[in-house]
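This document starts with two versions of one protein chain, written out as structure tokens and named structure 1 and structure 2.
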Structure 1
């Protein structure tokens, strides 16, 4: 075998291995959801799904609560993504292009906020939301998640704007463009890949978030799917097939969003890799 064919074979094996590691958890949830009780407790794992058990998905969706949980998760994730990107673009632009007192301190503080666990923010946010009647509200969760993810979004977009030559804005300034115009018409199109990468980070954080949701939401119909799935776990027993079926359905929208944005994410990572 020539060195070219051997190298190609190794690359194909490596790609299939990485793909298998990424896809296998999703496949395992699907197979477990379609397993009978006898299969689960037989002592030997089932490798292929038993489609005669497919009714577990219909039963999970028929309860109604699962659809509501997924809808709430979608509202929270979409709201968090739009708000964090909407605020992160002007914040990143200000940190990149303007000089003002305290700029370095603000950048360091934004970076330090990413080192704080969510648990430290629960108590002060709970008191604040209670005062402004934001508890048991999807808007409150959107605000909490946006506050947590906004610093990293702003720093990602600041790095992308830093890579844009200032000469482009100087040309626009000669034509009479104002800072807002230059941001919207010059910078935003050029940092679109980084915006897509930041949007994926925001969406995934809000989609999977649990601590804020389980603390700030009381009504069952307002819970997101991350909290709803945890409610299946009981002291007496846990319906494993139902948990896996709902978890599989919970994963699909996030996977679909990532597949939609992946080409922009890869482009954004490549652009950031050449920035010193």
Structure 2
């Protein structure tokens, strides 16, 4: 019994330790935002947030272009999500329900795009966008991000549609429904959780994306938050608390969105992307 208890205590300690490691840096971002200068630069670090400093979040939003940055990030992320889901649903359906020439090639190509580094594609995309006047444009970033996230979205949705029994479509088939009708009426509602997962994944991807944004955007008013915040690193002008508050405000939507859709995201990732 006592051995059992010791094992239990050890396990509780281990779980708390893992939890601490996982959450600490984000917690520390929050604590740093809510610290006075004295706390930050004096001998002892403050381990708990000082809620009397809460005004720093208001200061952060008032700081320069922060609201504009967040708005740009939102536009890019929402656009990428809509585009990649819009193109990914029919692609996933085609890969799941039809056999056609080039299907294997198509699937392999989708998997192989996962290994292309963004940094490699930056140069040719820069040239392409330069020609079509898409530099300094949020649309350009939506297109570039969608191209990178579309394969994974399509594979997740293919996996989801694979899991739907074909018999469900038989009824529709007898009634003479066309494939598009069956996709929209029968499959889409059933794979809604996977669509949610794919949507969250593409939203993350675009919200967090940095390489394309920092290379394709010059106009300050077009910068998304990732690029704006990157400007703070190694710069001394802005108070550390404000920087951390901005970073925290940028992190919050991604984490909240994730926690909200966590179950579906994990299911989608494991069902679609990992099993490929």
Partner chain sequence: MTKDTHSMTVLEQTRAPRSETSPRRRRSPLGSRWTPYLFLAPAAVFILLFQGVPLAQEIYLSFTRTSLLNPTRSTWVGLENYAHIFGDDDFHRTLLTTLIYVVVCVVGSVGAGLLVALLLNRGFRGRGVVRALVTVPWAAPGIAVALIATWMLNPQYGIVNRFLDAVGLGVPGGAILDSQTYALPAILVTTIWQLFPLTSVVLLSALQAVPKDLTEAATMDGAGRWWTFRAVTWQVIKPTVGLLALLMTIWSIRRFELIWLMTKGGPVGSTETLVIDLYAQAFDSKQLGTAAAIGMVGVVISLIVIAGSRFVARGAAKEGIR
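Each form is matched to the other, and the largest set of C-alpha atoms that superpose within 1.5 Å is called the rigid core. Positions refer to the first chain, counted from 1. Fair warning: this is a prediction, and the values are worked out from it, not measured in the lab.
> Does structure 1 or structure 2 depict the form predicted together with the partner chain?
Replying inline: If we ask which form is the one predicted together with the partner chain, the answer is structure 2.
>> Does residue 239 move appreciably between structure 1 and structure 2, meaning a CA displacement of 2 Å or more on the superposed rigid core?
In response: It does shift by 2 Å or more.
>> Would residue 54 count as moving between structure 1 and structure 2, using a Cα shift of 2 angstroms or more after superposing the core as the test?
In response: After core superposition, the C-alpha of residue 54 moves 2 Å or more between structure 1 and structure 2.
>> I want to check residue 37: does it shift between structure 1 and structure 2 by 2 Å or more at the Cα, with the core superposed?
In response: Yes.
> With the two forms matched on the core, what distance in Å separates the two CA positions of residue 259 between structure 1 and structure 2?
Replying inline: Superposing on the rigid core gives a C-alpha shift of 3.6 Å for residue 259.
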